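Below, in structure tokens: the form predicted on its own, a single chain.
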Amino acid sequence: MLISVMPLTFLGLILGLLLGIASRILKVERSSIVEDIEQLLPGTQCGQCGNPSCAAAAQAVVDGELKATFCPPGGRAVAEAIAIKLGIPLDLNTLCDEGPKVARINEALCIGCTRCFKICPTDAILGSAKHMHVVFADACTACGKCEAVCPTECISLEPVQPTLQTWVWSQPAL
């Protein structure tokens, strides 16, 4: 038995060592500003900005290909943080900030087709084939992918209802 285990162990050690050396030699250096912008983004890889990932979107905004208001899930706060980080003026007229939203599933219409949770980038939808589905509001970024793919149109994006902890009285302007 030892004779059959030793070659596999030796092969694993050699390949691991080669991969470790290759990762250090072939490492692609990235700008620190791109990494900082990527840390500001939600990191859901939703693709609403037209880029395949948040890293590609961060690179595009640093290169000047995207405006600071490119991230719908991030909203106004992320746009302001990106503008401050890059030192660029922020045009909030192009930002469509309707407030926080969350996906809701109408259980009476849901047929359990599983298309919604297969496409959800944050795994905010739970369900199984031919059973009801539910949305975890804490994980949902309201990207709208599930709404677009639903064949029965039972998913809708609705504003987040204020709770006792989040409600704020808007004082009248003087």
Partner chain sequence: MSDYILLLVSTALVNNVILIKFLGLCPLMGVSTKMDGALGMGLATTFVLSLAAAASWMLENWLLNPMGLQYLRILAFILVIASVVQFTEMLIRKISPPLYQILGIYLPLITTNCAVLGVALLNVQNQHSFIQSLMFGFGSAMGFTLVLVLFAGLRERLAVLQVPELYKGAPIAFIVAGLLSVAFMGFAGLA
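Residue numbers count along the first chain shown, from 1. Just so we're clear, the structure is a prediction, and the values are computed from it rather than from any experiment. Basically, rigid core = biggest C-alpha set you can superpose within 1.5 Å across the two forms.
Below, we turn to the form predicted together with its partner chain, even though it does not appear here.
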Exercise. Counting only heavy atoms and a 4.5 Å cut-off, does its partner chain in the predicted bound form sit next to every one of Ile111, Thr163 and Thr166?
Worked result: no
Exercise. In terms of non-hydrogen atoms within 4.5 angstroms, which of the given stretches 129-137, 27-35, 42-50, 113-121 touches its partner chain in the predicted bound form?
Worked result: 27-35
Exercise. Is there a heavy atom of Ser4 no more than 4.5 Å from a heavy atom of its partner chain in the predicted bound form?
Worked result: yes
Exercise. Taking heavy atoms and a 4.5 Å cut-off, does Pro159 contact its partner chain in the predicted bound form?
Worked result: no
For this session: Flag Gly12 as yes or no: does it have a non-hydrogen atom within 4.5 angstroms of any non-hydrogen atom of its partner chain in the predicted bound form?
Result: yes
Exercise. Which residues within 119-136 place at least one heavy atom within 4.5 Å of its partner chain in the predicted bound form?
Worked result: none
For this session: Could you tell me whether the Cα atom of Lys118 shifts by at least 2 Å between the shown form and the other one after core superposition?
Result: no
Exercise. Do you see a C-alpha shift of 2 Å or more at Gly20 between the shown form and the other one, with the core held fixed?
Worked result: yes
